[in-house]
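First, one chain by itself: the form predicted alone, in C-alpha cells.
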Amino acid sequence: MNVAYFPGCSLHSMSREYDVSTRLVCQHLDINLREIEDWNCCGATAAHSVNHTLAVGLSARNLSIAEEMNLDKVTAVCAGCFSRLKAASHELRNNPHIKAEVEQMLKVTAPVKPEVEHLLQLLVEEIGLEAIREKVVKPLKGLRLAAYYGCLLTRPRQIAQFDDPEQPVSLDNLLKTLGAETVTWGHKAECCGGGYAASDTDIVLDLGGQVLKSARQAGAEAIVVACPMCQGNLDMRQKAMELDFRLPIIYFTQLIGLAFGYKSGQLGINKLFNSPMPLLKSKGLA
C-alpha cells in the first residue's frame, strides 16, 4: 500500500520518536509511506481563526503535491495536522467559493482526490485488527492503559468521519488487539489544552491535570496518545501540574512496535520524559 505521508513540523523536531516508530510499524505492515515532497506547515490549530482561506490554502498545497505524486491517500499521525488536512479537503469539496479563492492563491486546480486519514484510522479500517494481531510476537499482557483520543482525532464528526466523537473505541480496540487492557475513564476525548501551551500555559496545566488525574483514578499505568501536542503537554508538564504521578505518556505506534518485537530503543521509548521503562520491565516487555 502506497500512502502519502505528512509528518508535520513536530515529527521532524520535538516528536522524532513518533516519526521513527511510525515508519518502523508501517514498514512492518507493508505500508509504503512516501513523505510529501516539499511539504509546508498545516497552519496548526490556530491559523484558521486568523485567516480561514489561507489556512485552507496551506493544507490544500500539501494535498495538491500528494495528488501530483499520484497518491490517492494521505495520512498524518498528528491529530492537529490530520484535522487541518481533513478540514481543507472538506472545504475544497463542499465550498465552491473557498475552492475558487484557493485555486487563485495557489495557481493550481484545487485537489479533491486524496483521502485524508489519521494513521490510527488507516490501521484500524484499512489494514484491520486481525492483520495486526497476526504480527504480534510480544503481547502487551499485564499493561493497564488509558486510550487518549483528545479533542481533534474524532471531531467534528462531519469532518473527521472517524469513530464516535464522544465515546471513541478505535484505539482501545487496537490496544486490546496487542494484548493490553484498557481502562474506562471520563476524559478519553477531552482537550489537553493543545496550543495554549505557548500562549496560556495555565489552561494546559488545568486541563492536562484533569486528564492525568482521571486516568490515574481509573487505574491506568500509562496513557497512550496519537498526537504529539497531547504527548508533550501531558508528559513534560506533570511537575508543573504539581502531580507526582510520573505517569508515562506513550505513542500508540511505540506500543505497536513493541508488540511486533522491536526493542524499546529502536522505538524511542527511552526518550520520553516520564520513562515507561520501569513499567515495561516489570511486565517483562523491555
Partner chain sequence: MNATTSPVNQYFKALQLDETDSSLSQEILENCGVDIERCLECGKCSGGCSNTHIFDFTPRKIVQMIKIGDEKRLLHMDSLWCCVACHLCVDRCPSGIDIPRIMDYLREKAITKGIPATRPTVELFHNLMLDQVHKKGRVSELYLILNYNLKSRQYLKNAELGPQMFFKGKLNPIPARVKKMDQVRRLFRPKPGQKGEAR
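From a predicted model like this one, the values you see are computed outputs, not experimental measurements. Positions refer to the first chain, counted from 1.
What follows is about the form predicted together with the partner chain, which we do not show.
- Think of it this way: in the predicted complex, the partner chain has a heavy atom of just one of Arg155, Lys176, Lys99, Arg216 within 4.5 Å, and the residue is Arg155.
- Looking at Val108, you'd find a heavy atom of it within 4.5 angstroms of the partner chain in the predicted complex.
- Under a 4.5 angstroms non-hydrogen atom cutoff, the partner chain in the predicted complex lacks Gly257 among its neighbouring residues.
- Contact check for Lys263: no non-hydrogen atom falls within 4.5 Å of the partner chain in the predicted complex.
- The shortest heavy atom separation between His52 and the partner chain in the predicted complex is within 4.5 Å.
- The candidate site formed by Leu129, Gly142 and Pro248 is entirely out of contact with the partner chain in the predicted complex, as no residue has a non-hydrogen atom within 4.5 angstroms of it.
- This chain is displayed without the partner chain, yet in the predicted complex the stretch 156 to 164 from 74 to 82, 156 to 164, 112 to 120, 131 to 139 comes within 4.5 Å of it by heavy atoms.
- Along 234 to 252, residues Met236, Arg237 each place a heavy atom within 4.5 Å of the partner chain in the predicted complex.
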